[in-house]
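In the form predicted alone, a lone chain appears below as structure tokens.
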């Protein structure tokens, strides 16, 4: 049995497919591809597959991770990729397929890019710099026990922040994985609550899923 890890993109209109619908979509894709997917055992057998990280609705990505098992040990990775791509919906496509190496628990962070569009980019840039220079960036985050106030600044890595003639564009890394998951919209909400100049956030893209040492998870 081959333990397969596929990296796929989710762009364009596909960014509006919810995680629940993505599960249904992938089930149909496997069935249409005719691949010999391994089924779970028990009273209710179903195709085994798992996503490494859920992607927020409205986010695009070129680094989504899908794990599944193939019962034919002689099938090539290229054939698996091509058969899936032949039946994938618009906006989704398999970028690479290889055997699973690292465990999902190795995931530590994710890298995102996004834009904040405004009529006053210079002023908004100052607001961003002011928020980043503070001792903390407090946000309210939903947990299983209710609403909790969290300081995201210690775990946030700013990779890029630049001003254009119509926006402030940012790239940041945030905790992700089985323990803690932060979303860049938390930073956006904190910026708005700080009294920043009006802006519209858009073009959220997950750029990479990373291990603790910043290497790409594969």
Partner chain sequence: MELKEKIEKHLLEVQKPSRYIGGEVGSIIKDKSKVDVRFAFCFPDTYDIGMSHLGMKILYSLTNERENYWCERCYAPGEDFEAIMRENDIPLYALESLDPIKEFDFIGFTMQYELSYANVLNMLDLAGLPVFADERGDELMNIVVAGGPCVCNPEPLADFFDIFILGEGEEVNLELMDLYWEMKQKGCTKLEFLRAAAQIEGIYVPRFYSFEYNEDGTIKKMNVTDGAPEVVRKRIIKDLDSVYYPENFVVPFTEIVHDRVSVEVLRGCIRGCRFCQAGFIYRPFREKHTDTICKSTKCLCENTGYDEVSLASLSTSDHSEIDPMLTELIDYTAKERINLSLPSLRVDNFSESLLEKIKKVRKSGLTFAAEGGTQRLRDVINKNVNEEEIMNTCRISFAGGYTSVKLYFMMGLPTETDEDIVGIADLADRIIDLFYSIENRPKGRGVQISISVATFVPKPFTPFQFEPQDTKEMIEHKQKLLMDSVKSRKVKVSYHDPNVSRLEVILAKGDRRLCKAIYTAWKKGCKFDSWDEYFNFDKWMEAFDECGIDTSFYANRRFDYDEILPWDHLDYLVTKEFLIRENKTAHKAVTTPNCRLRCSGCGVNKKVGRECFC
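What you see is a predicted model, and the numbers here were worked out from it, not measured in a lab. Positions refer to the first chain, counted from 1.
The protein also exists as the form predicted in complex with the partner chain; that form is not presented, and the subsequent description refers to it.
Undergrad: Does the partner chain come within 4.5 Å of any heavy atom of residue 134 in the model of the complex?
TA: Residue 134: no contact with the partner chain in the model of the complex.
Undergrad: Residue 58: heavy atom within 4.5 Å of the partner chain in the model of the complex?
TA: Close contact exists here: in the model of the complex, residue 58 approaches the partner chain to within 4.5 Å, heavy atoms only.
Undergrad: Answer with yes or no whether residue 48 is in contact with the partner chain in the model of the complex, where contact means some heavy atom within 4.5 Å.
TA: Outside the cut-off, so no.
Undergrad: Using a 4.5 angstroms cut-off on non-hydrogen atoms, would residue 193 count as touching the partner chain in the model of the complex?
TA: Residue 193: no, not in contact with the partner chain in the model of the complex.
Undergrad: Among 26 to 34, 184 to 192, 168 to 176, 150 to 158, which stretch sits within 4.5 Å of the partner chain in the model of the complex, heavy atoms only?
TA: Comparing against the partner chain in the model of the complex, the contact stretch is 26 to 34.
Undergrad: I need to confirm a contact call. Of 140, 72, 90, 82, which residue comes within 4.5 Å of the partner chain in the model of the complex, counting heavy atoms only?
TA: Contact check passes for 90.
Undergrad: Does any residue in 11 to 25 get within 4.5 Å of the partner chain in the model of the complex, counting heavy atoms only, and if so which ones?
TA: The stretch 11 to 25, when checked against the partner chain in the model of the complex, contributes 13, 15, 16, 17, 21, 24, 25 at the 4.5 Å heavy-atom cut-off.
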